[in-house]
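Coming up is one lone chain in structure tokens, specifically the form predicted on its own.
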Amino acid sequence: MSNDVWALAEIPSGKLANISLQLASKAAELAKALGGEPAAVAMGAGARDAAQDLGACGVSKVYASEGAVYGEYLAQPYVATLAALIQQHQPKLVLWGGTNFGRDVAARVAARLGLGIEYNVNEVALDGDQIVMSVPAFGGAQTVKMAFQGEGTKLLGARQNAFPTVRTGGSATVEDVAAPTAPANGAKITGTFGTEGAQEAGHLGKASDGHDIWMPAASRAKLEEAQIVVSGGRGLGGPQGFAQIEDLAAALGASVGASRAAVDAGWIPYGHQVGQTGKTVKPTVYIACGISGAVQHKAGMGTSSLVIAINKDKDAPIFGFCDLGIVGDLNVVVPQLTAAVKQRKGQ
């Protein structure tokens, strides 16, 4: 087995996802420490074009596989290609992102090849030649140090935004890999739909059981890739409270997030949850409105560059780690902040 470290790239709709650059950066760091080669595996439309950005983050080789089969079927073609490459080259470690794509592909590869796999990692380092991972436990209240045992390639799943993107300015060679044949019994994609590019404004809608639920505008950046995030919590009092969060987000060009309490109450869809059991974000600015700041929420946004908290409870835990805290009624403060932003931007 080699000491090579690989990153599994994601190229949704032909565009390299940010998490791919984070994984490539970490792969380069670990491979250098181990004395191996950092590489990336890119599959689907745009795989060869992704090599430039992946190389800039430190990987020296990109295994690129393009073919119509990747766009026609679900996970099976990706699994077949990655499994074959692992069997051929025997890397020490393969990093993959904790996204729907990453979990689907990595779990299938682990089962097919009988490999060790770990999910939800938020930090990884080396102790000699042993890979040591930090994994949240007990709802984020504790962090557990873990290490792989035994021989063979290991699969490490990282939380989104767990690792920084480090651009070293390097370049990568491309090794073309033949696309697999169509799976005999594969589930085929008949169509896609989603919120990408939608222009619909945020609005109060109805959940499947008929209760009111706030549906944020779908035209902004993905939550985990946003540079500014405005989140609402239990202090909003109900789904209608997200209207003012939406207004502030629109003025700032931000994405809308939420605490677990707001999601569990059915006020906003789960896809907007920030925290240990939701998404990990790392924006330039994170504005928490009516969020107490429990450790589970901090686990998903604690690495934000600037954290602003608005809460009427002066003893709320979030005031212990935010950069700027405003003790006050969010129903007063948020509209005033929105008006100030609009005035500053001349809206």
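In this text, residue numbers run from 1 along the sequence as written. These numbers come from a predicted model, not from an experiment. The term rigid core refers to the maximal set of C-alpha atoms that superpose within 1.5 Å between the two forms.
We do not show the form predicted in complex with a small molecule, though everything after this point is about it.
For the three residues 259, 312 and 316, a heavy atom within 4.5 Å of the small molecule turns up in the predicted bound form in every case.
Using a 4.5 Å cutoff between non-hydrogen atoms, residue 56 does not count as a contact of the small molecule in the predicted bound form. A residue is said to contact a partner when one of its heavy atoms sits within 4.5 Å of a partner heavy atom; residue 234 meets this definition for the small molecule in the predicted bound form. Interface membership of residue 76, defined by any non-hydrogen atom within 4.5 Å of the small molecule in the predicted bound form, is ruled out. Taking the partner from the other structure, the small molecule in the predicted bound form has a heavy atom within 4.5 Å of a heavy atom of residue 294. The contact residue chosen from 81, 153, 276, 161 relative to the small molecule in the predicted bound form is 276, the criterion being a non-hydrogen atom within 4.5 angstroms. With the partner left out here, the small molecule still marks one of 183-191, 234-242, 163-171, 88-96 in the predicted bound form; by a 4.5 Å heavy atom cut-off that stretch is 234-242.
Relative to the superposed rigid core, the position of the CA of residue 49 differs between this form and the one not shown by less than 2 Å. Residue displacement note: residue 97 has its CA displaced by under 2 Å between this form and the one not shown (rigid core superposed).
A movement of the C-alpha atom of residue 312 reaching 2 angstroms or beyond is seen between this form and the one not shown when the two forms are aligned on their rigid core.
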